[in-house]
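First comes one chain, alone, set out as structure tokens in the form predicted on its own.
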Amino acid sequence: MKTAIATHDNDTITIRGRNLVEELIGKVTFTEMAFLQIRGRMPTATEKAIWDMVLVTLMEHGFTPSVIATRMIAMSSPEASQSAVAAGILAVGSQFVGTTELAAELLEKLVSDPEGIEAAALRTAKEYRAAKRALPGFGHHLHKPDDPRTPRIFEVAHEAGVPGQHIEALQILSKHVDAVSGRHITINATGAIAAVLCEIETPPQLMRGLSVISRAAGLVGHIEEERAHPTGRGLWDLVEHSVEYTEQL
């Protein structure tokens, strides 16, 4: 059994080959440290800009399922903030927050398709439409006609100097999705984030982990607000009064 992440002795702690005290504490940002921990090296300026942007974008979006779960557990076990964060993190899945990897896998297929991105995008749009399946990275229940985060994400990515192939693939796919659907369907933030993370060669299987890191910080904020201005009991009461009991469904 081996690890390349960390070791320690009586006087030193070494992380990814760097002395924690002498080389890291006070000398690198949290984003740089997270990149080093996860990818095994320090990020380039472009990679740091993209990870910073992703972590900021995904931290907060109001009373989502993850936030509701966190606040309810914080109300139930106020002494255990870690339990409340864990409850919220469990809701980072295929419907909310954690959809980037699915969109990324789709984009990787588009850019590597032997028929070219244009043909692959049209075929993909038709396939999902025929199967009546939700297309990863598209649509939002609140932000219509467009997700306001998406153009800013692309703007930051271009300013950071990404190649742009995956962003272009997503925009081509969007064009065909609209044509096949007969209406405009927004590229949502997770779709845009998938594209820009692909631009810096982030493996899709790591993307949900970034969502977890970002959302965990956001949930800590909700726990703190819950302590000062409780909503958990109100949410509980709302369910009590809104969910009707019936003998049969």
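Residue numbers here begin at 1 and follow the sequence given. In this text, all values refer to a predicted model and were calculated from it rather than measured experimentally.
Separately, the form predicted together with another copy of the chain exists; it is not shown, and the next lines address it.
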- Each of 25, 73 and 224 near another copy of the chain in the predicted complex, meaning some heavy atom within 4.5 Å? yes
- Message: Tell me which stretch of 75-83, 130-138, 106-114, 172-180 has a heavy atom within 4.5 angstroms of another copy of the chain in the predicted complex.
- Response: 75-83
- Task: Check each of 102, 87, 120, 167 and return the one that places a heavy atom within 4.5 angstroms of another copy of the chain in the predicted complex.
- Result: 87
- Consider residue 143 of the chain shown here, and say whether it contacts another copy of the chain in the predicted complex, taking contact as heavy atoms within 4.5 Å. yes
- Although another copy of the chain is absent from this view, report whether residue 126 comes within 4.5 Å of it in the predicted complex, heavy atoms only. no
- Query: Quick one: is residue 218 in contact with another copy of the chain in the predicted complex, heavy atoms, 4.5 Å cut-off?
  - Reply: yes
- Message: With a cut-off of 4.5 Å between heavy atoms, is residue 158 one of the residues that contacts another copy of the chain in the predicted complex?
- Response: no
- Query: Counting only heavy atoms, which residues in 15-29 are within 4.5 Å of another copy of the chain in the predicted complex?
  - Reply: 15, 16, 17, 20, 21, 24, 25, 26, 27, 28, 29
